[in-house]
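Given next, in C-alpha cells, is a single chain: the form predicted alone.
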C-alpha cells in the first residue's frame, strides 16, 4: 500500500497502526451523542473485527482499533445499518463536539441541536491548510473547552431586572461568580456592573422572586484555540451574537478567511498570529 493511499484512507477516518494492514476506525460522533442500539452494534463489531474493545477519544469520538483493512467495507456496511458513519482526519473540518446544553442545569443553549446543524453543513469539508475543529458549550462554565478549538461557540445570556419583584435578599450577589451584582438592603438598591457580567445566568435561575429574568440567549465566539506541542487558548472575538444565522455566517467567513490567508500546514491560530486578529474581525464582521 502506497503512502498516497494511506493518506486517502486517513482522510476518511482510517488511521494506520504500526501492524501491517491494521487500522483504527474513527467514527463520526456528533456532540458525544450515541444511541443505545448503536453501542450494541459497536460492541458486536469490536468483538468480531477488532479485539473486543473501543476507544473513546478526547473529542467525544469513538474509534475501533485493530481492524484489518480487508474487513473495512463489511464494517462500514454494519455501521450504516445503525446510522453510524466514518469520521474524518487530515486537513478537514472535524466532527463537532458539544456539551449537554439545556439538558444541564447551567445550559443556556441547545448545544446538541446546534452541533448537529453545524456538523451537517461543515463536516469533512477540505481544502484548508490544516485540520479545523469546532466545539460548542452551553454556558461560561465552558465544559467543552471552546477556547481550545479553532472556533468555539459558548452560550450566553442577557438579563433584565424587575425591581418591584426584588426582596433584596442578596442571593444574586452571593451566587454571582464575578461580583457583578451588589445589594444594598438598607437603601433597597441593586448595583449591577454589566462590564463584569459573563452572562452565565446563575442569578436568573437562582432568584427566588423572579426579579432577575432572562432577556435573550446568545452566543460568544472564540477563535484560534489549539492544543498539541504548542498550545494556545482561543481569543474571544464576539462577546454576544444574537442569532444562530449570524453564527453560521461567522463560520462561513472564518473558513473562507482560513483558505485565503492560511499557509499550507498552518493551524488557524498561526494564521491569525501572522495575519492579525483585527484583520480577521474586519473580514467576518
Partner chain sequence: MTDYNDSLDLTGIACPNNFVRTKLKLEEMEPGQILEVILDDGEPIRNVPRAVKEDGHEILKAEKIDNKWKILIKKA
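Positions refer to the first chain, counted from 1. In this text the structure is predicted, and so the values were computed from the model without any measurement.
Beyond what is shown, the protein has a form predicted together with the partner chain; the following relates to that form.
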- Task: Verify the flagged residues 13, 47 and 51 against the partner chain in the predicted bound form: is each one within 4.5 Å by a non-hydrogen atom?
- Result: no
- Message: Within 4.5 Å, heavy atoms only: does residue 171 come near the partner chain in the predicted bound form?
- Response: yes
- Do residue 206 and the partner chain come within 4.5 Å of each other in the predicted bound form, heavy atoms counted? yes
- 4.5 Å heavy atom contact, residue 77 and the partner chain in the predicted bound form: no
- Task: Considering only heavy atoms, tell me if residue 106 and the partner chain come within 4.5 Å of each other in the predicted bound form.
- Result: yes
- From the list 113, 89, 175, 198, which entry has a heavy atom within 4.5 Å of the partner chain in the predicted bound form? 175
- Query: Of these, 188, 73, 210, 193, which has a heavy atom no more than 4.5 Å from the partner chain in the predicted bound form?
  - Reply: 210
- Task: Report the stretch among 98-106, 77-85, 113-121, 130-138 that approaches the partner chain in the predicted bound form to within 4.5 Å, counting heavy atoms only.
- Result: 98-106
